[in-house]
Structures are given as C-alpha cells and as structure tokens.
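Let's start with one chain on its own, the form predicted alone, as structure tokens.
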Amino acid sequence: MSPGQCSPRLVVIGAGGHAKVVIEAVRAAAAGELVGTIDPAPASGSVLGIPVLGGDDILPRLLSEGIGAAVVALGSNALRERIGSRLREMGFVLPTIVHPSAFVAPSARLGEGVVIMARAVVGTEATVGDLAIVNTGAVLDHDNRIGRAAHVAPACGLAGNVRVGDRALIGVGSAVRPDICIGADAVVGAGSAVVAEVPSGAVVGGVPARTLRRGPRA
C-alpha cells in the first residue's frame, strides 16, 4: 500500500477454518481494516476476535456504509467462484491478499480475490486466476497457469509450465511434473504424483496418480 493511501475497510466472507487463515494473512499483510465476517450459520459469534456480523442479507447495507472490499474465505471452489462473482456485481472490490512471507516473482500476475498464503512461491511469469488459492508452502514454478477459483493446497509442488483448470483442486502435498495439464473441476488426491494429463472433472490419486473417477462426458 502506497504512503498516504487509505486502508480499505473489508469483510471476510466465511467464518470457518479457512477464514481463520485468511484473517491472519490479511492482518500480516496489513491489507485493510477488518470489520467483520459474514456467515449465515456460524459456529460462534467471532473468529480470531473478528465479529460475525450476519448473513449475506446484510451485504448491501455494509456496502452503503463504505465497507467496499470483501475477501472470500470459502474452501469450496465452486461456491467461492459463485459468491465472488455476486460480490463483484454488487460493487465490492475483491482485494488480492499476499502473506508477507510468500514470494511472488515480479513477472507473475495475480487476479482479483486471489489469496497467497504464508511461505508460498509464485514463480517467474506464472499466472494465478481470480479467486484462486495458493495455500501454505505451495510452490508454483515458472509459467504455471492456475485457473479461476482453483486451489493449490498446502505443500504442493508444481514444476514449470503446469496448467490447472478453473475450480480444480490439487490436494495437500501433491507433486506435478512439468508441462502437465489438469482440467477444470478435476481433483488430485493428497500426496499424489501427477505425471500425466488429468481430464476435466476427473478424480486422480496415488504415486503415480491414477484415475479414481472419470469426469462427465462432453
């Protein structure tokens, strides 16, 4: 944030476990003034000391009160994409949150609403699409293309020139060899080694990763 620039007032959408990590990333990055969280059915009245303000129905009022930024902290990729699109249509800004311990190469490009967690690496000329998550300690090497609302889970390692489709999930601790394409809505199970293309909607897992469920036919 540039000197003299006002800190935005923002809300976090969600009040679960992922929201906790997002809240701490926002605080660490000094990305804005955290006003509260939004959740229609929270487990408690606050998250890490941040109050749960209510459900989605109060968002128009918050916007009218000058709370113009929202961070979508929902683990479901499809839901995060849907809620993010709705927030943008309402007029909310979707800030990009980068934990200060992460490394993002100067030539990398991050979309709106992206969250880069602690100790993650986004390499040279990598692109991370809107509302995607690069989670704790994940490594994206050069020229990766991470799709909209995708999630690269903690401790994953993606070698150079990997393509990850919209809403795909790369499970915890997985490794992906160079030049692999993982299709939209695909799921890579935790601890997998991906050495071949993964079709859209497929579920794969293992070392090397094998198809556990095929995606819907086109």
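What you see is a predicted model, and the numbers here were worked out from it, not measured in a lab. The first residue of the shown sequence is 1; numbering continues from there.
The discussion below concerns the form predicted together with a small molecule, not included here.
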item	value
Options 188-196, 39-47, 66-74, 24-32; stretch whose heavy atom lies within 4.5 Å of the small molecule in the predicted bound form	188-196
Contact check for Arg9, Pro51 and Gly54 against the small molecule in the predicted bound form, heavy atom at 4.5 Å	no
Contact residue in the predicted bound form, chosen from Gly183, Gly157, Gly160, Gly171 - any heavy atom within 4.5 Å of the small molecule	Gly171
Distance check, Gly206 to the small molecule in the predicted bound form, heavy atom within 4.5 Å	yes
In the predicted bound form, Asn135 touching the small molecule (heavy atom, 4.5 Å)	yes
Contact test in the predicted bound form: Ala153 vs the small molecule, heavy atoms, 4.5 Å	yes
Touches the small molecule in the predicted bound form: Arg214 (any heavy atom, 4.5 Å)	no
